[in-house]
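This document opens with one chain alone, in structure tokens, the form predicted on its own.
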């Protein structure tokens, strides 16, 4: 039996406190890229009761995604936006989600992200990372951007950290480990970086702006 919306909200209030939960519930966060980073970021934010998630990706679920992303085997072939929306509803049935199954461009970024208080960059493509980062930092300076760089391989998880680059820009990861032909993205380490990103979002919403 699914709890009522009120019951779930009260449970979160007991965990986080009334004032902080109110901040979480009134926030709008965009997750750009719904792979190993983005799907885990979205799960973490939905679990704490973020009021609105804007989910953006143009890919479909593939078998190669299942080793590190929050999708199921029977969802192969579905748009990631639709599959993730379904999965989020299972753990947080009252979360508000807005999905965009399209590729971000310099032209559509301001429109798609206009309602977001905080933007999470969660792409695995360097060009997409750079485009989103440059566009948000230059054209949407009032928004907070939480990005990622370096989480591949089996290096120690202890070197993944969050750095404050500017007043509105945070970078999570080790800053070094790139995807290579030898050892690519491994579930546990990607999850660590995603957790850093999600946690920084919560700190910002709580008014704690140091990394």
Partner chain sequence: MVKINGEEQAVAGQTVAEYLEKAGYCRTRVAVERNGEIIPKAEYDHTVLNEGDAVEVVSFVGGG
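Positions refer to the first chain, counted from 1. Note that the structure is predicted; figures quoted are calculated from it, not measured.
Just so you know, the form predicted together with the partner chain exists too; it's not on screen, but the next bit is about it.
- Stretch 168-176 is the contacting one of 168-176, 154-162, 23-31, 48-56, since its residues have non-hydrogen atoms within 4.5 Å of the partner chain in the predicted bound form.
- None of 133, 75, 99, 87 but one reaches within 4.5 angstroms of the partner chain in the predicted bound form through a heavy atom, and that residue is 133.
- In the predicted bound form, the partner chain lies within 4.5 Å of some heavy atom of residue 123.
- Residue contact with the partner chain in the predicted bound form: residue 105 places no heavy atom within 4.5 Å of it.
- Proximity of residue 37 to the partner chain in the predicted bound form falls within the 4.5 Å heavy atom cutoff.
- Proximity of residue 185 to the partner chain in the predicted bound form falls within the 4.5 Å heavy atom cutoff.
- Scanning 66-81 for heavy atoms within 4.5 Å of the partner chain in the predicted bound form gives just one residue, 68.
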